[in-house]
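Heads up, the chain below is alone and in the form predicted alone; it's given as structure tokens.
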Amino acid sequence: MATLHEINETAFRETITRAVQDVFKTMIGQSAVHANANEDHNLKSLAINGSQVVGSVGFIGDINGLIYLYFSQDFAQEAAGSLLGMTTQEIVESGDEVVNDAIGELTNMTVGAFKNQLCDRGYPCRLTIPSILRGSNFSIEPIGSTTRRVYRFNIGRHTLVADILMKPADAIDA
């Protein structure tokens, strides 16, 4: 069985970058530029300020993990409007459920693209169902045996944060 430690930092960065770039270009017509500065790895706590809509999808297999995509409230509404072909006013009038559904779908597609690349590298896994968190000024802390990688992307005037928490399958059984 392949292990999590066999995948180097470059492979993780390339895999999430390609997934984010492909999905956001295709689905909302925006280029995503990986922000090289301030990459954070193995943080105990990731503080995100301001009102956020956070999509998460897990993957289970040789490597188990969860990816959180952090959208500011404005970016979530803008992305939902682009994905659904609606104006910002129409999105606001439709309510939070429409934004949640759109962010869940964008997160599911992004994590699906990430998962497919892991499978291509010899780490078969499958996805869990997407979920949405909403809140302000919160942080998500991993359990001790988890490997964390945080990547930031500039998309238009917004920043998307991809927070990846992973552990090898054998760590689950132990």
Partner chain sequence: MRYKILTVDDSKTVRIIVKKAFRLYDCDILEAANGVEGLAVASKESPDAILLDVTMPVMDGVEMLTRLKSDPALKNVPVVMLTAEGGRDNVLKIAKIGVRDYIVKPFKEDVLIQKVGRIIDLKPLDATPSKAKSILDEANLVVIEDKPAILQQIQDGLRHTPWKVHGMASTTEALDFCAKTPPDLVMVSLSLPDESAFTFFRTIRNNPKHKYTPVFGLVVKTDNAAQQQAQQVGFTALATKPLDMTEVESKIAKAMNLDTSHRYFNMDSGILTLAIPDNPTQHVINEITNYLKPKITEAVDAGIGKAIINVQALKRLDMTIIKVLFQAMQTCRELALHFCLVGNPAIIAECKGFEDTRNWQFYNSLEEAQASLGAISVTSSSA
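Residue numbers count along the first chain shown, from 1. Computed from a predicted structure; not experimentally measured.
Keep in mind that the form predicted in complex with its partner chain is not shown, yet the notes after this line are about it.
S.K.: If the cut-off is 4.5 angstroms on heavy atoms, which of these, 147, 30, 128, 131, is the one near its partner chain in the predicted bound form?
M.R.: Result of the distance check: 128.
S.K.: With heavy atoms only and a cut-off of 4.5 Å, decide whether residue 26 touches its partner chain in the predicted bound form.
M.R.: It does: once its partner chain is placed as it appears in the predicted bound form, residue 26 has a heavy atom within 4.5 Å of it.
S.K.: Residue 119: heavy atom within 4.5 Å of its partner chain in the predicted bound form?
M.R.: Close contact exists here: in the predicted bound form, residue 119 approaches its partner chain to within 4.5 Å, heavy atoms only.
S.K.: Can residue 109 be called a contact residue for its partner chain in the predicted bound form at 4.5 Å between heavy atoms?
M.R.: Contact check for residue 109: yes, within 4.5 Å of its partner chain in the predicted bound form.
S.K.: Heavy atoms within 4.5 Å of its partner chain in the predicted bound form: does residue 61 have any?
M.R.: It does not: once its partner chain is placed as it appears in the predicted bound form, residue 61 has no heavy atom within 4.5 Å of it.
S.K.: For the interface check, one of 63-71, 46-54, 136-144, 111-119 should have non-hydrogen atoms within 4.5 Å of its partner chain in the predicted bound form; which one?
M.R.: Flagged stretch: 111-119.
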